[in-house]
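Below, in structure tokens: the form predicted on its own, a single chain.
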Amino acid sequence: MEVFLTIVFFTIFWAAVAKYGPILFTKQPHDDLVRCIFLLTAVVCWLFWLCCYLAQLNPLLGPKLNGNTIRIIASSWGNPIKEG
């Protein structure tokens, strides 16, 4: 549930940047260019954030630990590995 809420929050945030960002620069000679820049900035930042966030949820590569380290961690967590 918290993953969904996080994605919704940041989507709303970047949508607000895209929609209300150009209001900060009203009556400029290049209004269309400013709107385009804010829109592209918001879309690219949101997409970059989404890719990074989703990549951390299910990483392709895990930590590379040797057998001794795994046994030490397992015993410190109270789950010793049975040799055999």
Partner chain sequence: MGDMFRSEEMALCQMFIQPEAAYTSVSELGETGCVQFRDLNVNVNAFQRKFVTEVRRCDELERKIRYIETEIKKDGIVLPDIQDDIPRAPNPREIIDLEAHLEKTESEMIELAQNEVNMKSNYLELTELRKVLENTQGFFSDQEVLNLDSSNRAGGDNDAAAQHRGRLGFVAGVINRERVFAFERMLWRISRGNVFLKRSDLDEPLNDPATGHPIYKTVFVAFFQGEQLKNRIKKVCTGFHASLYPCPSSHNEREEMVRNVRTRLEDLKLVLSQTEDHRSRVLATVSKNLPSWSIMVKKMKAIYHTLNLFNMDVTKKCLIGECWVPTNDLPVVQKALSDGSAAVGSTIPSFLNVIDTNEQPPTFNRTNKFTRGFQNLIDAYGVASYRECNPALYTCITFPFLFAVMFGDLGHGLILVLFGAWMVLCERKLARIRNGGEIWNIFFGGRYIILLMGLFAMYTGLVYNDVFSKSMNLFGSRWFNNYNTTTVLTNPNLQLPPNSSAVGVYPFGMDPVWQLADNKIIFLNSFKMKLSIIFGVLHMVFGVCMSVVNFTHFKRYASIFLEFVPQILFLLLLFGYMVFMMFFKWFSYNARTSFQPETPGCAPSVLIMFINMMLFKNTEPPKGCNEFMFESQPQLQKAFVLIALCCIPWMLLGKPLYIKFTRKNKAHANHNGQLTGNIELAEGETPLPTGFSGNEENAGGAHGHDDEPMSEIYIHQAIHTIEYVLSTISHTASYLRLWALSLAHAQLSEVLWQMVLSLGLKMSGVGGAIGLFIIFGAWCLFTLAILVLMEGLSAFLHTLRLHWVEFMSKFYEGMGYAFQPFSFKAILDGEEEE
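Fair warning: this is a prediction, and the values are worked out from it, not measured in the lab. In this text, the rigid core denotes the largest set of C-alpha atoms whose superposition between the two forms falls within 1.5 Å. Positions refer to the first chain, counted from 1.
Just so you know, the form predicted in complex with the partner chain exists too; it's not on screen, but the next bit is about it.
In the predicted complex, the partner chain lies within 4.5 Å of some heavy atom of T69. The partner chain is not drawn, but in the predicted complex it has a heavy atom within 4.5 Å of V3. A15 falls outside the set of residues with a heavy atom inside 4.5 Å of the partner chain in the predicted complex. Contact check for L60: a non-hydrogen atom falls within 4.5 Å of the partner chain in the predicted complex. Annotation for K19: C-alpha shift under 2 angstroms between this form and the one not shown, rigid core superposed.
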